[in-house]
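A single chain comes next, written as structure tokens; it is the form predicted alone.
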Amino acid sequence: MVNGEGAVETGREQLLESIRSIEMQTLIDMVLILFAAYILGRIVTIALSKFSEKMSRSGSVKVKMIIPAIKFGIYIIAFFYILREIFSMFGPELFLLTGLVGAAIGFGVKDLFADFVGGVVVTFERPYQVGDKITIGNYYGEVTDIGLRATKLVTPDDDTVTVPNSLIFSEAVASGNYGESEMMVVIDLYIASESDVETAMKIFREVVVSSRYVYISRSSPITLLHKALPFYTRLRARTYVNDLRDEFEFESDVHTRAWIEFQKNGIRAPQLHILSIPPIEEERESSDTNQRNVRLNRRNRGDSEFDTGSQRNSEL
């Protein structure tokens, strides 16, 4: 046991001695390698993104799909050179260094390490890709970048949201197009229960089919449904857009033109029937008034009884 402890102590001393012997130029070289990998990754991302914008939608999606893999390849090469330097510097003490690094990961940077592992999973397993419209956690938007630590989304309000890659292990991810150029859009319209459903469905179909954003093919048909609910009827269209960025323009176009035709044909929106409940202050005032009236009535009855008794006494 003593010999084992002595060996560990000797290994620590050798490790500390090796760390002290590291030249500043070596550390600078490692930092420069990481910095160069980061800059090169950014250049590749920007260049390929701009190049993809000049292509068709399907070609753009294919180009953007390879961006994360190229970035990870650059970082893997950079880490290879850094690890080679580490091997040459520490040699036998590397196992002890690995233990210290593992302790640092466990106590200090475990979240960062989990994000890195999540980025590797996202890059090679591909639950979503650059260009996909996804829902992850409480956010929905288009994936614009998949990095080592986080994924960037652009929401419909044009906000850029940075989502940690480790979220892939704890949250479900829904992809609206999953690498395809077209995407399904579900549009709901609500009409009054007494409206003519058959006419409304015909108008709805014509409006959807004639939209300039719609995409129709054998594999991407239009499906129209209606459902009668207690106070209204729901009309639903399940159809596709050719460019997922036209999702909300398509929905707005259908809503606008459908309701113009609905009004021409006497098809109304559901009416809300709200009970008129007096405010609390009015209830209090009404209650106070009623109590006041009750007291006055009682007083009046008492006065009349007194007058009657007085009259009888005077007659006697």
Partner chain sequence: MTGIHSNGSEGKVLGEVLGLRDSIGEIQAAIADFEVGKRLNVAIIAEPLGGKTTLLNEIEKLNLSRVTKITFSKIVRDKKEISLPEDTKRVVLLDNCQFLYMRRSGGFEVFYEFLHMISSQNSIFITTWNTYAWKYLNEVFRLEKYFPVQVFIPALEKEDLKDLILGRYEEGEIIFDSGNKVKEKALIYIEDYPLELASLGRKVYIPVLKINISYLKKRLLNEKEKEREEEKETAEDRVFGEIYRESKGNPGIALRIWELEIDYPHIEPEGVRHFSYDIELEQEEAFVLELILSYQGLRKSEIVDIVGSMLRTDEILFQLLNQELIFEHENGSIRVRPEALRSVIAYLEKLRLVW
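Computed from a predicted structure; not experimentally measured. Residue numbers count along the first chain shown, from 1.
Absent from the display: the form predicted in complex with its partner chain. The rest refers to it.
(request) Could you work out which of Arg149, Arg126, Arg205, Arg238 is the residue within 4.5 angstroms of its partner chain in the model of the complex, going by heavy atoms? (result) Going through each option in turn, the one that passes is Arg205.
(message) Between Leu229, Val186, Val209, Leu83, only one gets a heavy atom within 4.5 angstroms of its partner chain in the model of the complex; which residue is that?
(response) Of the candidates Leu229, Val186, Val209, Leu83, Val209 is the one lying within 4.5 Å of its partner chain in the model of the complex.
(message) Even though the partner isn't displayed, in the model of the complex is Asp196 close enough to its partner chain, meaning a heavy atom within 4.5 Å?
(response) Contact with its partner chain, no.
(message) Within 4.5 Å, heavy atoms only: does Glu182 come near its partner chain in the model of the complex?
(response) Result yes; Glu182 sits at the interface with its partner chain in the model of the complex.
(request) Please check if Val214 has a heavy atom lying within 4.5 Å of any heavy atom of its partner chain in the model of the complex. (result) Val214: yes, in contact with its partner chain in the model of the complex.
(request) Indicate whether its partner chain has at least one heavy atom within 4.5 Å of a heavy atom of Leu48 in the model of the complex. (result) Leu48: no contact with its partner chain in the model of the complex.
(request) Using a 4.5 Å heavy atom cut-off, indicate which stretch of 241 to 249, 113 to 121, 158 to 166, 128 to 136 touches its partner chain in the model of the complex. (result) After filtering at 4.5 Å, what remains is 241 to 249.
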